[in-house]
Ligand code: GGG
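Next up: just one chain, as structure tokens, the form predicted on its own.
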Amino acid sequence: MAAYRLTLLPGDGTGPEVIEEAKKVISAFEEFGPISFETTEIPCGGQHYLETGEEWPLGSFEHCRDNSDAIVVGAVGWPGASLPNGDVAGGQVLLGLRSALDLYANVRPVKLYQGVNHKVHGSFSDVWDHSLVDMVLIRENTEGLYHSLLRRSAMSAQGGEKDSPIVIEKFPGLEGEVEWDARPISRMGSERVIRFAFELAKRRSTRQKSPQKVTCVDKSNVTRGCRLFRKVFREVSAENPEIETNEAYIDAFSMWLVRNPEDLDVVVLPNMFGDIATDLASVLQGGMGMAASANIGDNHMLFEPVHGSSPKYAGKNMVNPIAAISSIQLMFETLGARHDDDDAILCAEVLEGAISSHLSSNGQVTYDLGGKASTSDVGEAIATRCVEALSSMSS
């Protein structure tokens, strides 16, 4: 198969550091495995904006849109780096791509590996079963409270106007200065991300040889947009009677998520609730340093660790690269599913095994997991495990 076209956007702060470790893992699979990439690396983000006055070089959006089978972002955001309209410099890199490429499904796996402390549980225990935490949260990625910001970033990325028209509304009972954000939720946007969640549940059922339940989380007892979201969920659920479903309001779900994670398999949520719930869920897998993500549309895909640029740790070679490396695992898996590529699926399985065996065998970990290893120590160790696994398969 021809090489996949990969675009790397390292971005700000610790982004370039974790992307460097991701590149080591990719190189291991290119040299010893059955996959190859034509890789383009593009500077971008807030730091780049402060240095050059541009969020990324001219033509970068078109390259991502027209010449990329997969995009990987390190992190975006830097103190003091803001656009004239107040938006974060670098927003068109991440938010603009999400909107302009219509990456409507944000996929956040939440899995607790053996050897990683459960942050709520607090310590290892003979009675704690790490397999109790193994779910995927699917967040609608293009609508809701972020819709206006996403549209501004998308228009900016494509060279259009950076500001949306201001609409004046009156709010009875409110006095003085008032700011507000629209929260549009559409039938189309809801249906496609909910169908995505059901299809993912079917794939997980096959892979794990265990039925997967789909849970809808919203606030449909209060907000109209969520009423539509749940209405569509029930319609899609009726088309898939073989799949067990559940429904929850976001406030109660936040408690269930921490108290009974074993009851959750695939969860689908509107944008803002998904943003908050996925970060809360990361606590169950050891923290943000373990949290990978995929942003998936019908024609494009983007992957990123979700821990942000962490400016105070930038340049210290101390942050956890596993979220970035796990994002590469998601990339292999998604490329394999989309292109019916068994070799890419194999790469995903090998990388998943390397991460799991590294952690379960007390491999080196960074400070956030209670260790003293550097970013590069962990990246090199996981890349080495990948090489060993691939070499043993070919011998």
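Quick note: we count residues from 1 along the sequence shown, nothing fancier. Everything numeric here is computed off the predicted structure, so don't read it as measured data.
Just so it is clear, the following notes concern the form predicted together with the ligand, a form of the same protein that is not shown.
With the ligand omitted here, the record of contacts in the predicted bound form names 90 to 98 of 210 to 218, 261 to 269, 90 to 98, 241 to 249, defined by a heavy atom within 4.5 Å. Within 4.5 Å of the ligand in the predicted bound form, a heavy atom is found for none of Lys23, Ile355 and Gly379. Of the residues given (Glu191, Asp102, Asp134, Asp275), Asp275 alone sits with a heavy atom within 4.5 Å of the ligand in the predicted bound form. For the options Ile71, Val319, Ile322, Ala75, the residue carrying a heavy atom within 4.5 angstroms of the ligand in the predicted bound form is Ala75. Among residues of the shown chain, Gly308 is one whose heavy atoms approach the ligand to within 4.5 Å in the predicted bound form. When the ligand is considered in the predicted bound form, Glu140 lies well away from it, no heavy atom lying within 4.5 Å. Mapping the unseen interface onto this chain, Tyr146 counts among the residues with a heavy atom inside 4.5 Å of the ligand in the predicted bound form.
Looking at Arg230, you'd find every heavy atom of it more than 4.5 angstroms from the ligand in the predicted bound form.
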